[in-house]
Ligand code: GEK
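Just the one chain here, laid out as structure tokens, in the form predicted alone.
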Amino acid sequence: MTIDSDTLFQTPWHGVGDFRFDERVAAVFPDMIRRSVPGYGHVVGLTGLIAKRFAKANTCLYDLGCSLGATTLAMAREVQQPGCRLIALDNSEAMLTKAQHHSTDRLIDPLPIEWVLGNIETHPFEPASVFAMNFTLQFIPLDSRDALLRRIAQSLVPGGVLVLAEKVAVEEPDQTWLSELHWDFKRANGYSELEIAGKRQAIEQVLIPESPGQHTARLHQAGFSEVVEFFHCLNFRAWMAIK
């Protein structure tokens, strides 16, 4: 797959309003997320390994907010349990179209993938052993997050797992230092001050981070018995929530 360079914010934000996962974002998304999210590749790879460990035969595996399918493909490569169905769900038609176009060339004897256009807040879940939500919950309205996680927990079979990765917010002064280091990470990856400021302005009304404590408390309240943090880099974290 040819990866286009992310130049969307070299001029003021290309559209009116907030950041959205449209065709232009889909075209540059692999480059954008590589240069914006430290450790993204590690989270994706580890999600595949976690799915391999927790997948149970004849259950569903979900990638919620699958974007271009990096996590979906990692799960497909690793899971070997018979009778599993892998469902990749996203509400961006542009993302799903691009994901489907490239997925066939990147897998050998893959676990079957069902690419589904839909809303994860209302989509009916079937009995599942693995859910993945990598940097997805942060785009869900705050007042809808509890209900979504409860539905996920209810849909998991005993011993199933949710992988949750998020950008988090922490108390000052730590948040200031982490934000500055994150901007340094972007500068080191070639983003200009204009690009950094432009994306921050476009995304601040649609990506609402919460504290690590809020995430872990919500997961326990949703019905998960164990919550284990397995990744932490700057203001990005990931957990395994086990039913």
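Numbering starts at 1 and follows the sequence shown. Only a predicted model underlies this, so the values are computations on that prediction, with no experimental measurement involved.
Beyond the structure shown, there is the form predicted together with the named molecule, which is absent from this document and is the topic of what follows.
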Indicate whether E121 is a 4.5 Å heavy atom neighbour of the named molecule in the predicted complex.
yes
Using heavy atoms and a 4.5 Å limit, would one call I208 a contact residue for the named molecule in the predicted complex?
no
Would S129 count as a contact of the named molecule in the predicted complex, using a 4.5 angstroms cut-off between non-hydrogen atoms?
no
The named molecule contact in the predicted complex: Y40, any heavy atom under 4.5 Å
yes
Would N91, M95 and F139 all count as contacting the named molecule in the predicted complex, using a 4.5 Å heavy atom cut-off?
yes
Residue within 4.5 Å of the named molecule in the predicted complex by heavy atom, from L49, I33, A197, L178, is I33
Answer among 151-159, 169-177, 113-121, 76-84 for heavy atoms within 4.5 Å of the named molecule in the predicted complex: the stretch 113-121
